[in-house]
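Next up: just one chain, as structure tokens, the form predicted alone.
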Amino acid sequence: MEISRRDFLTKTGKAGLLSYPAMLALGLLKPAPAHPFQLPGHGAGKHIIILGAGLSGMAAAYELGKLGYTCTILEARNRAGGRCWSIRRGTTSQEEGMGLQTARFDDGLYFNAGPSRIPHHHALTLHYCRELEVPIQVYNNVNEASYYFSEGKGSLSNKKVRVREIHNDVRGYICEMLAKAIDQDKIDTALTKEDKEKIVEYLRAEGGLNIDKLYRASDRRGFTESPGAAERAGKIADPYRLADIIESGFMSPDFYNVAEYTYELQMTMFQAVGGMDQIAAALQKKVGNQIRFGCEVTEILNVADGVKITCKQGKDEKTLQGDMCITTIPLPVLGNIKNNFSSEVSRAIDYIPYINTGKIGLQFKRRFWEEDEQIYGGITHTNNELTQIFYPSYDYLGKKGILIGYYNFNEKAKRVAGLNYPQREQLALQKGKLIHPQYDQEFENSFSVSWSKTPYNMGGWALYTSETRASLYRALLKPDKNIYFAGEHMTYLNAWMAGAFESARKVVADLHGRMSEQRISYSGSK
């Protein structure tokens, strides 16, 4: 029995049997990419040499490949992904001046040494996850059940305090002060009486104030005894005094509500299922045959008819010729490679600093933070060398788990980077057990990463001021003859995977426009 296309569509459509992917496969629908990047023209016969098989380098090769270019990716390491690196059993690293470190985590456990979060508005990153079929899951970045821990001399110092307690007490006291000031006409708001009444009502709701516009503790800040059956109404502790909160350091920059208010950290956030390296692995599947691993670039030269790149692969030295080059090599590393860049570009490379930052993963026999303390994801903040403790947002209720025992920056990260691997572990355990005494009984093993001492990175991500954005940054936005610069350091999305992807697309558009003699510009994803 024959069936017409129209009948087929009508019947399957009514039955709900034909999925969107199936309709695409049958040619019944055109794909509707979230961020189409369909450039006119082709690059057949042109050879582009890409330095670095991180996200930016591989994304550039992926998009150039769609246009018909031949790409060769030189990667100094024996793995792809760059800073998009998940540490799991068997992972190795050898930092400058240190021995070889091998991860001994149980199978299935991991932590992300580099990026671990995808903001919901980083649409291009999510687009690549969709296009490359990388499944994602929610990442719990904000958790009121996590802790603040402040070392010091205040009455609340040297003890863990639930984030929700500090948040609600501070919010309540500040709303009380504002409501009183408005009531007493001590704020020149140029508002009508009715407007002021509306603001005061808002402050009462926001701060949890009582009918007299005073802050008193409520169930917002949690219970000292949980409510339950029969006569168990639950008990609520008195609020902390505002003076004690201030004296104990909880209103210092170490404890600002960055996870709630910073644009990039607002919920909802996502992560790749199974580790962020799954994004790199998916890209590697697309361009892996173009990558030459273990190739350390030693010279980058503009020549009359293109570029000449020299690299060291084992004991051999090799030279490649190409029409154009895209370098995604981090600037602290790029500055030590022989080149014939312009003086303006060389100055930018030499003077753009990278942040000191590091992480340590700690494996424990059981997920005590969940079992004992009801913490599922989120971050504990401290004012000591740990800076932050991250709780995993995957495998909830599992038997074992890995905490990120510290995630630190700047001077704190620099001091910790100066320690050897056992000393870093000892520091993480010593400081961490002040918050979680379970460390003593439950700890199994660790793996630490200091990005400032990691070969081929030598830092976390680029740091700019308004002055260096206007000068040094702009010097790298345009190509130096036949050499283009890409990576998170070439965007305003420093430290984020979105920076790598956005930069890759911009460079591909610029390079292709030049090679095909077209006016092409990339304004970013929408």
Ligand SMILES: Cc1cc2nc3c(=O)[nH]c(=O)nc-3n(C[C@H](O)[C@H](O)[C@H](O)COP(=O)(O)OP(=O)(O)OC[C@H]3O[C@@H](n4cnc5c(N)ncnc54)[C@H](O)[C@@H]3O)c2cc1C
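Just so we're clear, the structure is a prediction, and the values are computed from it rather than from any experiment. Numbers for residues come from their place in the sequence shown, where the first is 1.
What comes next is about the form predicted together with the named molecule, which does not appear here.
At the 4.5 Å threshold, heavy atoms of Tyr473 stay clear of the named molecule in the model of the complex, well away from it. Using a 4.5 Å cutoff between non-hydrogen atoms, Tyr202 does not count as a contact of the named molecule in the model of the complex. Remark: Asp169 does not count among the residues lining the named molecule in the model of the complex, judged by a heavy atom distance of 4.5 Å or less.
Contact between Tyr69 and the named molecule in the model of the complex is not found at the 4.5 Å heavy atom cutoff.
With the named molecule left out of view, the stretch that reaches within 4.5 Å of it through heavy atoms in the model of the complex is, among 424-432, 410-418, 329-337, 281-289, 329-337. Checked against the named molecule in the model of the complex, the residues Glu151, Asp395, Glu344, Glu296 give one hit for a heavy atom within 4.5 Å, which is Glu296.
For the three marked residues, Cys84, Trp451 and Tyr456, a heavy atom of each sits within 4.5 Å of the named molecule in the model of the complex.
Using a 4.5 Å cut-off on any heavy atom, the residues of 58-81 that reach the named molecule in the model of the complex are, in sequence order, Leu74, Glu75, Ala76, Arg77, Gly81.
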